[in-house]
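Take a look at this single chain in structure tokens; it is the form predicted on its own.
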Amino acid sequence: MEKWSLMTITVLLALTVRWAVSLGSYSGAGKPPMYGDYEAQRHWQEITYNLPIRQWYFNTSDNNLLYWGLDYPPLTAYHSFVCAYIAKLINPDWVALHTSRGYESQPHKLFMRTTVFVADLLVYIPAVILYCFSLKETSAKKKVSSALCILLYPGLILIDHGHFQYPLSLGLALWAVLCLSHDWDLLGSMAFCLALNYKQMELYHSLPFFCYLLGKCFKKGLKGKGLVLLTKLAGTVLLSFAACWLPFGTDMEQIMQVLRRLFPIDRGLFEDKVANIWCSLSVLIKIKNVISPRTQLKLSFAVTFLSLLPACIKLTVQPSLRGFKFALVACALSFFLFSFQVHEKSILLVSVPVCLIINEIPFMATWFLLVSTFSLLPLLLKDGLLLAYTVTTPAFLAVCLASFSILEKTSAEDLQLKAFSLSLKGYVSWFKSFPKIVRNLFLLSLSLMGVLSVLSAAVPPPPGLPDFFPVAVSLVSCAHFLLFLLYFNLVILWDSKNRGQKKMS
């Protein structure tokens, strides 16, 4: 009973923080003619409500694709339609065709914020709570602590309830992980298909899901139960996709147009000052000017594939729940660092899987989550969310320090690097000082991020270098992420105990 009371308080606190952040500014507020992501979501409601389905993804006189044209999969469009239907009942002006473009008012802001709040409350938060409750070999206190840290992760709160974005794809992906942890493989597959059909960026997580389930089929034997499971999984995936795409399935041109909208190659390798390898290298070499878009696409695909290959092979050969969760992190981070058309917000696709292992590696998970939030700083400053950033980020650090005593969890064993450290024994003399070195690096990292945050917010950039601080944030964050990618792959590859076979209760 006490566990439920503490969890209820945790949820109420998380909801309070979300609503407080939502009172602030949002993407593109008062900035015509394009405004921002808030207007994009409102415009999709306008389009889906007023136009027939066959016109949603096509450029017409009523649907100018250059003005926030719909570029997410069908489930996003259906969700926009549902929101638009409710909006129409409250105030038809909010979704009136053409005349509602750039609509801004306090009542409308309240409505839009509420739609995100409800989506969070119905989909994402329940998945987090059930996931934490299902953790095995974890005390009730640690389960509540894990939920508190996950729900107070500032990156997701600031983007969803500040910048403006719906948490549905990540919430559905969490439900998929939860189902797989209970061996409900078909339900998990369906949930992930729904996540992928809400946002195509869920491809970041697709290979770990595929490799884990394929590995389970191999383990059961492809001449017996494994073949039956594989057939059921294939059927579930096909039926899930067919249901999502049914309104578009009667016309191949419709399907091709949706796919062209989902995967545009003309936007280039990256957007803005994202903390990945291509943006960082562009400081020295203007990759977009040197290499053609087609070659950029091929190069990014090759590097991404090679970087995630070790984790995927290990997961296929030795499928385990623990390995699956770590592979979600490593593969998503590979996609973020090396893939094509990456946005700053895509780091959340790495952060949410990191949240799932915060109880296993609290120190490294907390560190990563702080860096991921810091990497969003240029976007948050653009949206006027400095106050929310400066309050929620230190608060999150304080909660993690209090919940997990993270500064005391820096030994090789605590960081899941014991097997790796034993393989280096006798070759690296400084490994005995490893905990102290890691703590000092963490404090140095915090100091650097703190200084750059203050400078970005308070000091004008040097003359002739307007992007100096956003680029600095990008470079520092990218350097961190590369080291994290190395770390997560070391944990995966040297996991000789295969402890992931232990299932959640």
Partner chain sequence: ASLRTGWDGGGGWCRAAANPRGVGYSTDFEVHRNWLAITHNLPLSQWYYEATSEWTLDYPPFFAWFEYALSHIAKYFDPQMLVVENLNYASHATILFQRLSVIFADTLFIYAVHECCRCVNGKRAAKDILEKPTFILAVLLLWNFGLLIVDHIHFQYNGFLFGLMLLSVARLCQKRYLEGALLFAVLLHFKHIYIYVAPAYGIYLLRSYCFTANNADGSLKWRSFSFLHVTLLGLIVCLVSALSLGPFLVLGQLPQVISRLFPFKRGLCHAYWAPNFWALYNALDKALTILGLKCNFLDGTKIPKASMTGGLVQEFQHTVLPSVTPLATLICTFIAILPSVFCLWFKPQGPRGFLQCLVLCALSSFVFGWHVHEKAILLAILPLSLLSIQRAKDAGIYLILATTGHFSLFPLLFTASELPIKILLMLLFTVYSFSSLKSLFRREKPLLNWLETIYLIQLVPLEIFCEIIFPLTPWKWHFPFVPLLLTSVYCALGITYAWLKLYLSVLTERISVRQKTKCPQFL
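Numbering follows the first chain given and starts at 1. Owing to the predicted nature of the structure, the values given are computational and were not obtained by experimental measurement.
One more form of this protein, predicted in complex with its partner chain, exists but is not displayed; see below.
Participant: Within 4.5 Å, heavy atoms only, which of I255, L97, V391, I265 is in contact with its partner chain in the predicted bound form?
Facilitator: Contact with its partner chain in the predicted bound form is made by V391 alone.
Participant: Looking at A234, L259, A243, L387 here, can you tell me which has any non-hydrogen atom within 4.5 angstroms of its partner chain in the predicted bound form?
Facilitator: It is L387.
Participant: Can any non-hydrogen atom of K220 be found within 4.5 angstroms of its partner chain in the predicted bound form?
Facilitator: K220: no, not in contact with its partner chain in the predicted bound form.
Participant: Indicate whether its partner chain has at least one heavy atom within 4.5 Å of a heavy atom of L483 in the predicted bound form.
Facilitator: Flag for L483 set to no.
Participant: Wondering, does F117 line up within 4.5 Å of its partner chain in the predicted bound form on heavy atoms?
Facilitator: Contact with its partner chain, yes.
Participant: Does any part of V21 reach within 4.5 Å of its partner chain in the predicted bound form? Heavy atoms only, please.
Facilitator: V21: contacts its partner chain in the predicted bound form.
Participant: Out of 128 to 136, 291 to 299, 189 to 197, 391 to 399, where are the residues with a heavy atom within 4.5 Å of its partner chain in the predicted bound form?
Facilitator: In the other structure, the partner sits against 391 to 399.
Participant: Which residues in 94 to 111 have a heavy atom within 4.5 Å of its partner chain in the predicted bound form?
Facilitator: Heavy-atom contacts to its partner chain in the predicted bound form: only L110.
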